[in-house]
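Consider the single chain below, provided in structure tokens and representing the form predicted on its own.
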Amino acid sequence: MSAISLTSLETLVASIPDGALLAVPKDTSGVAMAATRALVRRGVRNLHLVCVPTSGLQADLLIGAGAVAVVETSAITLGEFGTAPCFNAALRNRSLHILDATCPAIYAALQAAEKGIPFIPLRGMIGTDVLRHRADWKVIDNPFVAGDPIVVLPAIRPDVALFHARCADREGNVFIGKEREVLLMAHAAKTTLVTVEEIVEGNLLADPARGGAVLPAIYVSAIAIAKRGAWPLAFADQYPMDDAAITRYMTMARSAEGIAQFLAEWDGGVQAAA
């Protein structure tokens, strides 16, 4: 590829160092689960995980594998399958530093990084318990209106944004569809790594029907092809959630041995081990 590097999954995740501030999207916005498996297999440690603005299986699996030191999120849940077992266990044994946030706060802090500013004001936080537990969020006086306090948040500039998309072209442009979280992540991050279902011919930006839903190559650092790369989560209209696999995960994630077995089955090509 002329604009960016087309590489393997292993090489892609090799550029995510221990201790990185890693941004990942919510379950419905294109989760790079194949890359997550490769990251866990590599043994990454001490990640500061930023969920944009929530996460589920991806965050829980990384926590269960011992890859995460800090998580910044407004929620981690597996929805109808129940509470996130590894996240909840880490909360109970206090093995994880939690930066409690809200969806608007995470979006706003990423927007600050996107705009190249050190902080950003946000309404609606004063008087909340969340604000009491975030020493890095400050209440200041509105410089333009007397008696109008407002919260300011430090920018979140991820070292790496990681997500899965439908396709990329050979110039490195990535079709993201309607998922604006990943656009914001890519704009804010120092490095953006993307897995895709396929590489397509032609320039996606030149297509008037799709150009507005394309992340330009200038924001993309590397791409790897990963067929069914969001599995066992659903991905757009490409494939549904694998309920059997996630149900099995919920059973196995009660122990470190179970997590290791789940990953071993995944590596062995098991796509729905009920």
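Since the model is a prediction, treat every value here as computed from it, not as a measurement. Note that residue numbering begins at 1 and tracks the sequence as displayed.
Missing here is the form predicted in complex with a further copy of the same chain; even so, the following discussion is about that form.
Enquirer: Tell me which of 225-233, 41-49, 204-212, 245-253 has residues with heavy atoms within 4.5 angstroms of a further copy of the same chain in the predicted bound form?
Expert: Correct option: 204-212.
Enquirer: So a further copy of the same chain isn't shown here. In the predicted bound form, which residue out of I120, C86, L193, A165 has a non-hydrogen atom within 4.5 Å of it?
Expert: Here the answer is residue option I120.
Enquirer: Although a further copy of the same chain is absent from this view, report whether N142 comes within 4.5 Å of it in the predicted bound form, heavy atoms only.
Expert: Although a further copy of the same chain is absent here, N142 would touch it in the predicted bound form, with heavy atoms inside 4.5 Å.
Enquirer: Is it the case that V160, even though its partner is missing from this view, gets within 4.5 Å of a further copy of the same chain in the predicted bound form, heavy atoms only?
Expert: Although a further copy of the same chain is absent here, V160 would stay clear of it in the predicted bound form, with no heavy atoms inside 4.5 Å.
Enquirer: Please run the contact check for V200 against a further copy of the same chain in the predicted bound form: heavy atoms, 4.5 angstroms, yes or no?
Expert: V200: no contact with a further copy of the same chain in the predicted bound form.
Enquirer: Select from 170-186 the residues with a non-hydrogen atom within 4.5 Å of a further copy of the same chain in the predicted bound form and write them out in sequence order.
Expert: The stretch 170-186, when checked against a further copy of the same chain in the predicted bound form, contributes F175, G177, K178, R180 at the 4.5 Å heavy-atom cut-off.
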